[in-house]
Ligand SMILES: CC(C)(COP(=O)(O)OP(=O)(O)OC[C@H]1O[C@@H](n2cnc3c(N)ncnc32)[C@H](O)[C@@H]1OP(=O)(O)O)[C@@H](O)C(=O)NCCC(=O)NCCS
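Shown below, as C-alpha cells, is a lone chain in the form predicted alone; questions about how it binds or moves come after it.
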C-alpha cells in the first residue's frame, strides 16, 4: 500500500500533535502549543509540514525547517519524522526519512539534522542505514515533585534567603517593575544561549521572535523566575505549562557569565520548582546537552532521574552546501 503526502496547514496542528504523540507516547504534544509555533515562524526561517496518509488515513507527520542560509555555513536543515507506532515498519521508516530528506535537499540544504529518542531502535537503525551519523546526545531528566516536594520547598526558601543576603532578589517577571525588562531578558538570553554546547550555529533571535515566545500559551510571566541585582537581571528559569495536555518542562535556566559559580542559577530554578509543587504538579522534566556539565550537576543534585534522551544525527548531502 503506497503512502501519499500532503501539505499540512494550521488546522492540521491538532492532527499533527496526535500523530507525534502516537509516534512516541512518552512525550505528549500539546495541540495549542504546536499551532502557536506554526503561527509564529521565526524571522528568516522557512519550513514545510506534511501529513503522510495510507488509504486516506493519516499515519505520520513530517517536516523540514531551516534558518537563514546566510547565517548557516553548512546550510543545515532539520528534518522530522513522527510515524504512528501502530504503523511502525523498518522499510516504511527508511522510505519516509528519504522523502523528507529529499525535501530538505530540494531547499538547498548541505547538511541534514535528524533527531530520535535513545529508546527508538527502529528509528536509530533506519537513520544509520540511510547514512546519518550520531553527532550529539541530549539527556532528559524527570523530577518527582510528590516525592521531593517538601525538600524542594525548604531548599527554595533557603536559597532565597541566601541570595537576598548577597543582594540578589528572586522574583517573577510579573513582579519586576522595570519598563525595559523584556529587552533585558532578551539580552540575557542571547548572551547565555551561546554557552549551550552545540555543533551547528545558534542563530541570533530577533527581539520580536523572543517576545512571541514569551507570549506562548505555555508561558506566564508569573511563572517565569529571575534573579535581579540592582536594575540588572542576572539569571532566569521558567517552566512551560501545556494548556491542554502533556508534561511540564523546564524551558531554559541560565545565569550571566560574570555571576556564575555562586549558585544563582540553581537558586532561581528552585523557585520555579517550588512554585510547581505549590500548584500540585506531580512531576517536571528537563533536558540538557550531555556536555553541559554545570546543568547536569544541578539536575543530579536536585534529585532528577534520567529518562531516555535524544540523539542528534547528521548527514552531509553537499560538500559545499550550495
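Positions refer to the first chain, counted from 1. Just so you know, these numbers come straight off a predicted model, no measurement behind them.
Only in words, not in the display: the form predicted together with this ligand, which the text now covers.
- The closest non-hydrogen atom of residue 144 lies beyond 4.5 Å of this ligand in the model of the complex.
- In the model of the complex, residue 54 stays away from this ligand, with no heavy atom inside 4.5 Å.
- In the model of the complex, this ligand sits within 4.5 Å of a heavy atom belonging to residue 261.
- Residue contact with this ligand in the model of the complex: residue 252 places a heavy atom within 4.5 Å of it.
- Contact annotation for the candidate site: 30, 239 and 242 all lie away from this ligand in the model of the complex (no heavy atom within 4.5 Å).
- Only one listed stretch (30 to 38, 56 to 64, 253 to 261, 274 to 282) carries heavy atoms within 4.5 Å of this ligand in the model of the complex, and that stretch is 253 to 261.
- Interface residue among 13, 298, 311, 20, judged by heavy atoms within 4.5 Å of this ligand in the model of the complex: 298.
- In terms of contact with this ligand in the model of the complex, the residue from 216, 196, 130, 202 that brings a heavy atom within 4.5 Å is 196.
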